[in-house]
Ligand code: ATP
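A single chain, nothing else alongside it, follows as structure tokens in the form predicted on its own.
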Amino acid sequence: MNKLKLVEVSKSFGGHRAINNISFEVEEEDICVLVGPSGCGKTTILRIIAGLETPTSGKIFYNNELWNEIPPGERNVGMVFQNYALYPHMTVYENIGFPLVINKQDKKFIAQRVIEIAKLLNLDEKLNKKPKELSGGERQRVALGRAIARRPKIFLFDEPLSNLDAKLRVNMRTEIVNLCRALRIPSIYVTHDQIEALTMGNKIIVLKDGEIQQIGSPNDVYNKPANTFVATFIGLPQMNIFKGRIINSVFHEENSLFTINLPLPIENSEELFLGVRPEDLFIASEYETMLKTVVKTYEFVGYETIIYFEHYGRLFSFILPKEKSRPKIGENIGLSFDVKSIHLFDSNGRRIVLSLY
């Protein structure tokens, strides 16, 4: 089984450490998504894997072969960029076949391989066209075709869908996932878009300031975030985080917005954080109400409405299902949530494991 492995990889540029002690594995059935805000080190990791940057420390292995000293051209990595990087004077046929021409492959083999790839990517009727005659989605498929032409050992995707409109992004996400699954090549996909991360990856690595915050499945990073950064970065709208303290297994929000009894003994704490996702908050009857607030504003997104409320200068939100009538701006409302849906984090923002079920 093909596998890529990074062990304690770090990279510094002058006095700035771009990534710090990065370790993870990607196997042939994996689509591993690196997600995080701009400047967190995602692209630096890709460039180190491709051999375009040399790590300051740490090791890169492919199938137990140390890659640190292997030149980029000998790693056989297929890389797809944000800006397509197609040759404008070449046809689709020539762009896809270019890596094979550089490797001095036989013309018959090149023709067979290009036609095979074009059929796979539904480009067989576009082979004689040039990039300027193609749509954005078609150009991206040509870039994919060129990346897979020489049967790479690894796929690297550097935000390849950023320049596409919303509809094309959805279509291309599906195409890339299906392609990676069909070819069974270890794939690493870089994005700052959490929707792409959750829908495309079976393994997600959340990064911040060059360090890994959490590695896990989409379900893990969404439902069991390792810290408050992951909790608020993954999920749209982001998780509501309330600061408070626990006294005798009762959480007291710091500004007296609400209190909640926790159904298990938890040590008293001077400071910690309680998280509730917007979909877990709901408008409640007077009898069920846990917290009272006022509607600040709302966003209608078709299938649901996101309602915002303010407390001591901070905005929080909850999701109102389509079938529910929308409260007016300025209206007083009561909200509630199931204690089983909460997330607790210590004063440093690290997850506190609870057994509420």
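In this text, residue numbers run from 1 along the sequence as written. These numbers come from a predicted model, not from an experiment.
Not pictured, yet referred to below: the form predicted together with the named molecule.
Among the residues I342, V9, A18, L335, the one placing a heavy atom within 4.5 Å of the named molecule in the predicted bound form is A18. Interface residue among E138, D280, E94, E159 relative to the named molecule in the predicted bound form, by the heavy atom within 4.5 Å criterion: E159. Contact with the named molecule, judged by heavy atoms within 4.5 Å in the predicted bound form, is confined among 287-295, 35-43, 315-323, 300-308 to 35-43.
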